[in-house]
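A single chain, nothing else alongside it, follows as C-alpha cells in the form predicted alone.
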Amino acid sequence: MPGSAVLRKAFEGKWALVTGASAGIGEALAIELAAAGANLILTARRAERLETLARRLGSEHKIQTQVIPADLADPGAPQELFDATEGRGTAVDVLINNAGFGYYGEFVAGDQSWQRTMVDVNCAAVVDLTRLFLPRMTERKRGYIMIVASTAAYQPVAYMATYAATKAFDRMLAEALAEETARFGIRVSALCPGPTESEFGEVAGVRVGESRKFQSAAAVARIGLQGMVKGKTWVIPYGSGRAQVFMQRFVPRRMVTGAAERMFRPDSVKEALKK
C-alpha cells in the first residue's frame, strides 16, 4: 500500500493535536496529517502563523481545524489544551509532541533560565500532555502518540548538553510508553531527526555543520508518520543517521562523546585551546 494510502487509512477523520505547529517539522507534520484527512488542532506561540496554516489546510483538504495559541513553557498550558479539546468532547486520537528548542554553546556560558525553560518545554510539557491525553486513548483502545526527539538522543553532545539530555529523555519515554500501551491498541513512537531544514539552528544559535546535507522537514514528517503507523517505537528518518547509531554500539562511549565534542566545538573554544 502506498505511503499516502497508509496514512489516510490511519488518520482520516481523526483529530490530531500538533504542538509547535507554526514552523519546521511541526508545520510539516500538520501538512502531512491534513493530506491524510485528519482534522487538526494546531498550537504554538505564534497565533497568526497558526491561523494562516489552518485556513490553508482546511481549504485545501476539506478538514476541520482549530487553533489554540499556547506557550508550553507555561506549566498550565497542557491542561488548557486538554480542557479546550477532550474537555469539550473532541476526541484526540493523534498527539504530536513536537514543540521544543535547543541551545548551542558552552554549558557554563548559557543562560540558566533559558536552559531550564528548555527542560520545561522539551520534557515536562511532553510528560504533562501525554499524561493528560493518554488515558482517554486507553479508554477508547486506539490512538497514536509521537514524541519528536533527535539523533542527539543517542549520545551525549558537548556544547548541546542540555538539549541532547532532554531528547534522550524524550526517546526513552516514548520507547517505554510504546511497550506499556501496546495492549490497548495505542502506538507510541519517537521521531529522531538529524539536520533538518527548520528554524532550530536560528533559535539554538548554532551554525555548525553547514556542509552537511539538511533533510527537508516534509521528508522527516512523512517518514516519521509512516514509521509510527507501522508500529516502530523509534524512527531515524535518514540512512546515515541510522548507520551512525548502529555503529556506536561497537565503539567505546568516550570515543563517541569525544568525536561529538570535536565536531561541535565552538570557535571560541578552539581559540582558547590555541593559547
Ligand SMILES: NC(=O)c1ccc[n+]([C@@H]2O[C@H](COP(=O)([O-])OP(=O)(O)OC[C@H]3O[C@@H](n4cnc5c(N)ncnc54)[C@H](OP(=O)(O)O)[C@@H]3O)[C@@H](O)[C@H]2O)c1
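Quantities reported herein were computed from a predicted structural model and do not represent experimental measurements. Numbering starts at 1 and runs along the sequence shown.
From this point on, the text means the form predicted together with the ligand, which you will not see here.
Only one of Arg249, Lys213, Arg46, Lys230 comes within 4.5 Å of the ligand in the predicted complex through a heavy atom, and that residue is Arg46. Interface residue among Ala73, Ala161, Val127, Ala168 relative to the ligand in the predicted complex, by the heavy atom within 4.5 Å criterion: Ala73. Comment: 186-194 is the region of 186-194, 105-113, 172-180, 127-135 lying near the ligand in the predicted complex, near meaning a non-hydrogen atom within 4.5 Å.
Using a 4.5 Å cutoff between non-hydrogen atoms, Ile145 does not count as a contact of the ligand in the predicted complex.
Using a 4.5 angstroms limit between non-hydrogen atoms, Phe82 is distant from the ligand in the predicted complex. At least one heavy atom of Gly26 is located within 4.5 Å of the ligand in the predicted complex.
Although the partner is absent here, Val92 is not a contact residue: none of its heavy atoms lies within 4.5 angstroms of the ligand in the predicted complex. Residues of 132-153 placing a heavy atom within 4.5 Å of the ligand in the predicted complex, in sequence order: Val148, Ala149, Ser150.
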